[in-house]
Structure formats: C-alpha cells, structure tokens
Ligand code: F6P
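First, one chain by itself in structure tokens, the form predicted on its own.
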C-alpha cells in the first residue's frame, strides 16, 4: 500500500500542539463564561443519541484545527472505503463490512448482502422457535435456558446486549460461558436441567481452544444426563464455518449458521453471533437493535465532520491521547443494564487500536489507543472516582445516561441522574483551596486545623468529560450506541495511521500456550522455556502428584 503521512507530518499537527499547550491549564468555567451558547454549540445528536462535549479543554479554534486534522487524515474518503467494501484490513487483505450485517440494502454489495439476508432468515427461524417455546429437547420438554459458549467477540457482544435489554426479555433465559476455567461452565450448569437446556457454540474455526473445551464439557454433561448422540442436535446450535468439525461434534449443518472472514470477532454481534440476543428478546426487538446501528451508520456516512458524532468523539480521543498525553479513557454508564459496556469497549478499542506500527508497517513513535476502563454508576463513585477527581492522571470520561428508567422506581432514578450530573460538574469545577478552607471552618474546625486539612480537600477541576444521553435504553438506542463507538474507533485508527481491523498481538500467546500445554500433559518435551516459566511448569506438575 502507498505510505501515508504519519500523524506528526499532517499540517494541522503542529498547530494543535500549540493549542493544546495553551489549553492544558485552561479554566472550563472561564470557557463557559466567555461563550453563553457553549452548551449548545459543543453539542451534536444522531440516531436518538445526544453528545454534549462542552466540558472539554477545547475552544472554537482548536475544534477547527481538529476538523482540519480529520480532513487531512482522509477520514471522509476512508469512511466511503469502509462502506464500499474496500480492503481496509490491509494486513489480512479483507474488507471490514460489519455495517452490511445491519443494513437494509446491499448498496453495491449485493452478493454479500444476499448471504447476510439468507443467514438472517435462518437465524430468525431458530430464534423465534426458541423464543416462542416451540423447540423441545430430547425428553420432549420445552427449552427454557440457552447457554452461549464463545470467547472474545463471540461472548462480550452478545453478553452485553442480552444484559442491557433485560427489560425486553421473553421466557427463555440466556447465559454466557467464555472462560476455560471449569468453574465458569460448572457454575452456570449448576441450577439448570439438561432436558430443557440448549447450547450455542460460537467459533469460526470450531477449534478455538477455550470454546471447544467448554463445548466438549457441555456435550458430556448432556450425554451423562441421558441424552444420546442422536439427541445432541436438539440441544446444540453452532455459529461456524467449519461444518465438518461441527458435524463430528454432533451438530448437523442445518443447525449451523455462518461467520464470514470480512467480519472481525469484535464486530460480530450483528451477525449470527447475536443469535442468543435474538432468542432472549425476540426477533422484532433484535431487528430494532440492527436498525439503531444502521441509523448511526447512515449518520456517520453522510454527515459533515463538524456534526458527526463518531468523528467528533474520535477527535476528542486523539486530542487527549496525542496532544495531552492522556493514557487512560474512562466510560461510566449510569444504567445498571450497561454495566458490561466497558468490558465490551475494552476489546473493541484496545484490540483494534492497541498497535505500535502503522498500517504499512512503520514503527510509530507516538501513543495510539489509551487504556479504556470503567464501571456502572454509582458504584465507581465509591472506588476509583477518587483518582478521577484528585489523582495525577488525566482521564477523560464518557458519561452515558438514559433519561428514563424501565423501572417504576422514579425517585431512585432521579438520585442516579443527580449523581451522574454531579460527577460531571465536579470534574469540571473542582474545589479551590479557599473553598476547601471555608467548607472546613463551616463544619466547626478551627483556623489552624482547617488550614492543615484543606489541601486534602482540593480538587483541581478542569477534568474533561462528555455526556451521551438517550431518552431510554432500548434496542434501537443500544444499537446506535455500539455503532457509535465502532466508528469512533475506526476514525481514531485512521488518524493514528494504524489498521484497526487486525489483531496479530493475540497470536504468540496462543502458540506458546499450546507448547506449554504439551509440557503440562507430558505428551512431548516442547521447546525450552525461560527459567521462571520452567519453574512454574514444574510447580504445577508437582501439585498434581
């Protein structure tokens, strides 16, 4: 591929460095006071989501320069390349057409779209049979529980969506197992009845070590309960391309749904990997989920950068990571149903952009993806928010807030909303030494004691945050939210000049694990290890005596 100018070589880069230096110690309150319309100006909406980015160390001039950076990085052209099926995953020579999975038309990708539609139709039939209680197991009893066995994108996406859409669940309970630690599967099976339990094994190759180990254990559980090998087809579905391996396991081709190499695992919840989600909420709700993502896709593809939510969020990420030295990014959903959202985003962002070389193989001497972490509010307020307010790290924050609750506990929801807005404001305004001293004296402390303690109450403020709101958490708004972060991640990768769609960094650990496993099993000597690893191998072997 043709080498592109790296980030520091883009014309806007030096200007942004100067602007960041000036804004590093800016007062957010002063920025609001200088612009009475700031809250409206630094605001954008799409697909039922609203982004308020007014509480950022940003002014009109810096925003203009960031938008120029996006143009110079070729983001508008690269967006079109993504949707048109160009091989944006250049190291694997593939397109990244996850948007086609939620599209309502082929738009130039008719052959692939027909494959998607065919898989969708089969997926709908399977999902509806289980959702309606029409699928029975080996004893004739109706299936009431479904366990999705996968790992990475085959687990994090469907697990998040199923949990987030709990208010829309039907009668079938969906569970998730991903860890090869046997406790994960055994704890899940403990209260379930084999006669009323079905499994979905999600593995493109049907050889993923953790998934296959759990699948075989589930198969044995079913056979030990009285099912025959001929009965397995009533209890096992698969999402895979390896039909022969699935058949050898006991799953017929009729019970297998496809995966495609032009869809990365972390983008696969929109595909048949989302089967468990469709079973949990029913097909109509799952279709709304797809529609929400498609609405965000259309916004991303056709909206100018200055009003484009994914582009704006990407520019904010690059702004802090590349110009302020922020190595962390925090996501705080103020909705208990979204407690798994930071977990999902960790794979999406860090597997996509945790790279040290450019898409054309040049080693980079600048930071790319920050570490992403977070938790559902208000739990984090009583743990890591201390660091956000008074720590030495700069940690930009995304607050995510549904404005309405699915529960009847409206007062508790008001408390939740008040806490969310309070945390956002506290990050911005902080507390001065003077205000801290005054607060202590008002509590009855003497002047000397107040002066001694006041520095411990000081909060510097001017900590940046975004607020993403929606009327309520629905299948449509959830789909839009996930697609928003997908596209934001792609745009950040474009600016950092990396390929966001490969993940070569996961390969070596798998290879070494295979070699160590052979050593642990005593089936072969394997390659020599470092002294520490050799000691640990022997420690494990001794413990098994």
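The model shown is predicted, which means the values in this text are computed figures rather than measured ones. Numbering follows the first chain given and starts at 1.
FYI, the form predicted in complex with this ligand isn't displayed, but the following is about it.
Only one of 408 to 416, 365 to 373, 331 to 339, 149 to 157 lies within 4.5 Å of this ligand in the predicted bound form by heavy atoms, and it is 149 to 157. In terms of contact with this ligand in the predicted bound form, the residue from 45, 503, 59, 68 that brings a heavy atom within 4.5 Å is 503. Only one of 347, 437, 247, 298 comes within 4.5 Å of this ligand in the predicted bound form through a heavy atom, and that residue is 347. With a 4.5 Å cutoff on heavy atoms, residue 203 counts as touching this ligand in the predicted bound form.
In the predicted bound form, this ligand sits within 4.5 Å of a heavy atom of residue 266. None of the heavy atoms of residue 424 is located within 4.5 Å of this ligand in the predicted bound form.
This ligand is not shown here, but in the predicted bound form it comes within 4.5 Å of a heavy atom of residue 351.
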